[in-house]
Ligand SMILES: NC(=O)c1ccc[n+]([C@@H]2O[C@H](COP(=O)([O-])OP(=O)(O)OC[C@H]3O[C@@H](n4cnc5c(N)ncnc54)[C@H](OP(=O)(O)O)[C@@H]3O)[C@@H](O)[C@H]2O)c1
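Okay, here we've got a single chain as structure tokens, the form predicted on its own, with questions on binding and movement later.
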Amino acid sequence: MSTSFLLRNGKRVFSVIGGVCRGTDALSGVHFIARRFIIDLSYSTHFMDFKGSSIPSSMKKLVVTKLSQNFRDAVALQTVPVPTPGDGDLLVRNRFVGINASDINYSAGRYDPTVKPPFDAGFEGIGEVVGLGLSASARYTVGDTVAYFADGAFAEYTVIPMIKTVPVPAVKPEFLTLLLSGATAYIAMKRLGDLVKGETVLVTAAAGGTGQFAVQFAKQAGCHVVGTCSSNEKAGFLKTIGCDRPINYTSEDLSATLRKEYPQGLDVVYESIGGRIFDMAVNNLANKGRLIVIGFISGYQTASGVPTVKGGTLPVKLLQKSASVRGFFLPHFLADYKEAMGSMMQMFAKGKLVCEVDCGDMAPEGRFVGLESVFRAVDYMYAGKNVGKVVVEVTPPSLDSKL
């Protein structure tokens, strides 16, 4: 049995026969022989950019240099060497990266207190494979398009373990919306919502990155959907995706509207704001109502990260209505992830799922292009300006115009 490999620079060819390595140096013509008990994959652990699309020697990425809930203070733009993929890895040239409310929780060190700066920022990206490890080449090749959910996405190039990637038919930002935002809504509603046709479902921040999906999945389940938002433009968008009753809380009293129009209460609440909105949701739960906590963005920019709620009366309120509060954190439901992605991809392909993307075209300084604009994009999202998922277009200096 023999195995042959060609070095990346094409200067040496060798073969492994049993435990003996024989070969010839292409430049000197000198024959060599060396004994090995296993194949030494260090000679050919990766294939890089064989189509000649020019990988630069350096790139830009965003690095958390100090812990802070202020993203601009915590994160710095750095120039570093382009990394090399390991055996089971892909090197992805990022074309789009997703912005999430939890980006500032990560920069504040709230997810894993043992992780100390510096560490890479960003959770999700989509782009082309420009390099890959030997094992990864069994599934992918250079030029394939993939999306991924992994740390370190805020970079022009990112090395991603193959097992954390999802093949996609094209580099479209719409696919990026499914990785975290879509998957959170799909799995939370399915596993924790226990949706029944005819029930009333409230989605807070309904026109946001994940809210848009919660609205659609609740509507697909035959529910009456109520969605909160902060502008008439967002209310109009919500109607287009099936929201029965958008409530613009800047022009309507949210609590009074719910009491008046839904006196029997809310069967399910998909809640991401926290603070007084959480309290309002609890007060308006129906008998056997379910409140799903997927976040509490109103507190993320504070020192503690947690908004104040009236928790002292929570037990009695839940008891009186046989209601429940259920927390959802996507990493705890990864066993459901593959099915969720497959289902959503099919729905999108069939035109049965809207994946609204906001690339900042209406932002004061224009579209979010380049890693430098990640800072603007985070500010834009926290100002509540976005309709749909906030996405940044990444354009490395070496990006081919044909890609």
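Heads up: residue numbers just count along the shown sequence, starting at 1. What you are looking at is a predicted structure, and each value in this text was computed from that prediction instead of being measured.
If you look for the form predicted together with this ligand, you will not find it shown, but the lines that follow are about it.
Contact annotation: this ligand lies within 4.5 Å of heavy atoms from the stretch 224-232 in the predicted complex, the single such stretch among 224-232, 72-80, 306-314, 161-169. Three-residue candidate spot Tyr249, Tyr300 and Phe328; every residue lies within 4.5 angstroms of this ligand in the predicted complex by at least one non-hydrogen atom. Although the partner is absent here, Ser107 lies well away from this ligand in the predicted complex, with no heavy atom inside 4.5 Å.
Shown alone here, Met381 lies within 4.5 Å of this ligand in the predicted complex, counting heavy atoms only. Using a 4.5 angstroms limit between non-hydrogen atoms, Gly125 is distant from this ligand in the predicted complex.
Using a 4.5 angstroms limit between non-hydrogen atoms, Ser102 touches this ligand in the predicted complex. The contact with this ligand in the predicted complex, taken as any heavy atom within 4.5 Å, belongs to Phe296 out of Tyr262, Phe119, Tyr140, Phe296. Among Ala205, Met189, Val130, Ala147, the residue placing a heavy atom within 4.5 Å of this ligand in the predicted complex is Ala205.
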